[in-house]
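Read on for two forms of one protein chain; each stands alone as structure tokens, with the labels structure 1 and structure 2.
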Structure 1
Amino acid sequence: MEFSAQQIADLLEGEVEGNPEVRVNSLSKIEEGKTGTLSFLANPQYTPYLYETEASVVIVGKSFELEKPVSSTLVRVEDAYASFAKLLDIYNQLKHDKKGIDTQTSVSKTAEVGENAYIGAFSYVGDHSKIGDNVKIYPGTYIGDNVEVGDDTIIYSGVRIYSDCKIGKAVTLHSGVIVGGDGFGFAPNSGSYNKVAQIGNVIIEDHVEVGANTTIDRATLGSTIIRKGVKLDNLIQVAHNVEIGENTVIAAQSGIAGSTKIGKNCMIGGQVGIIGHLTIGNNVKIAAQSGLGNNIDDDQIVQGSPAFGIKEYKKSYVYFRKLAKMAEELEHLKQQVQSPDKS
């Protein structure tokens, strides 16, 4: 893919300063710019690189004033960062503009595949599954029976979606994601454990992104639900019958036990552990490596294991760091009380 400076300016409603015919075919950081690349300058801290970069085209703000001549062609826009982000999105869409079903796939005769969909080699689509318009399914993907995948969703290589699960529109599932594996349900029985059948499903609503190797278990009964706009990082475990509210974000290596309900707009740090059957309110923030064993009300910020209010945690941590010294002082006072004549 190659574009001229003028084409980029037209796309961004900007103005060209320099050679409008210079062409670029890739993107770069301004400090690493090479001939044929497009870059941008938004942070004033990087201004010196503008006079050194070899990038053929650089996007800058309309109000930016040059201190000396530059070799790059400039495209002046209202907001350099927002304009570059727009280009990244367009570039990403073009990169994924694949269509058609590879001959080395297995798509059930009873499955439905929408317009402009792409299904890569060595993928499998089960009976009665429905694949929406513009869906991209990369090679080596498994989609079970009765699965629904909404329009404009991207499913990367190595994803496994078990039967009866429902994936919304404009969802992104990265490699290694497993949707609908059995929940961890076992009943004790005379020194052993009997498996409890997991007959529910997983529902992922629109505009959700799930990072690599994250697992979302199917419900025992009913549904495990990931609401609209949720963003899950890599290596997260979501257990059976969990519900995660709209626009909540969860960082890597966190684990959520069964039947816990998490509210809207929450922010959960990495390596957080949450036990089962809890209710976590809306707008809650949970610091990394915290362990939750109790319900959390709306708008709380918590830290620690077990987690409690972050202000109290920080006050307590001041004393914790001094604990060894305090113990020595306490022992000294104890000796004084027991042997006053030696003080």
Structure 2
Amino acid sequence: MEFSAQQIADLLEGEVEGNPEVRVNSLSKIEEGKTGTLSFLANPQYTPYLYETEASVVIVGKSFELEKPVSSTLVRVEDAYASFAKLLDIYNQLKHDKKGIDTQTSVSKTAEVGENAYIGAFSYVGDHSKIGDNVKIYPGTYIGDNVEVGDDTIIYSGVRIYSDCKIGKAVTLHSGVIVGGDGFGFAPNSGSYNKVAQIGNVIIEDHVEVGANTTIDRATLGSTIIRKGVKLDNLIQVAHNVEIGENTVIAAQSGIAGSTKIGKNCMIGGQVGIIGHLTIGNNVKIAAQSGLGNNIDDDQIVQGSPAFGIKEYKKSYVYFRKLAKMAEELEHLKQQVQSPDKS
């Protein structure tokens, strides 16, 4: 994708100041602009960078007054920030403009594929699966039997969706996400373990985004459920029969053990661990690296492993840092009390 300054001006209903033929193929921050990139100046604080940037084209406001010459071609518009945001959207749409079913795919005859869908090379869609309209399935992806994928969902390269799972509309699954692997269920049997069949599924509702290499296990029976609007970062573990409430956000490398229910609108930091069979309320905040061993009521903010109130944790930690000094003082005091004359 390459555009001339004139094409960009036409798109934004702006005016070119400088060489209308100069071409750009990517976007940049104005302070990091290189030849061939397009940038914008909206915040006056960044004005000095305009005179230094190597960006080939810079979008500026109509009324912006130059104080010295610039090397970039300018495109003058009504609102520089809004115009740049508009370009971002166009850029993203262009990136996802792939359509059609590649010839090197394996799509079951019993699968249904919606209108305007893209299925990239070396992707597999199993029996009885239903792929919605405008769905983009990038190359090298596996969609098992009897899977449903809602309209406008983007599935990046290398996602694996086991059979019977349901993915909502406008969901984004990043590369390496595994949906519906067996839950970790084994029954002890005289020293070794028997596998407990995991025959449930995973349900991911609309507008969910799941980061790269995150794993979401299928339920033993019933469903592991990721509610509407949830955002999961990379390398997160969601065990069988977990339920994550609407619009909850979880940072990278956190793990949630089996059958735990997490409420709505929670914010969970990175590398948090939550044991199984807990209930976490709504609007709960959990600091990074915390370990949850008990239920948490609505609106709590916790830290520690095991976690408790974040203010108390921070206070305790202040004294943990001074613990050697405290121990010394205690020892000294003991001696004073036991042999007061020597003190």
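Only the largest set of C-alpha atoms that superpose within 1.5 Å between the two forms is called the rigid core. If you're wondering where the values come from, they're calculated on a predicted model, not measured in any experiment. Numbering for residues begins at 1 and runs along the sequence of structure 1.
Q: Working through the pair one at a time, identify the form predicted together with a further copy of the same chain and give its number.
A: Pick structure 2 here.
Q: 2 Å or more on the CA of residue 11 between structure 1 and structure 2, with the rigid core superposed, yes or no?
A: Yes.
Q: Taking the rigid core as reference, does residue 61 move its C-alpha 2 Å or further between structure 1 and structure 2?
A: The answer is yes, as the C-alpha of residue 61 shifts between structure 1 and structure 2 by 2 Å or more after core alignment.
Q: Answer yes if the Cα of residue 292 shifts by 2 angstroms or more between structure 1 and structure 2 on a rigid-core superposition, and no otherwise.
A: It does not, since the residue 292 C-alpha is displaced less than 2 Å between structure 1 and structure 2 after the core fit.
Q: Keeping the rigid core fixed, what distance in angstrom separates the two C-alpha positions of residue 37 between structure 1 and structure 2?
A: Residue 37 is displaced by 3.6 Å at its C-alpha.
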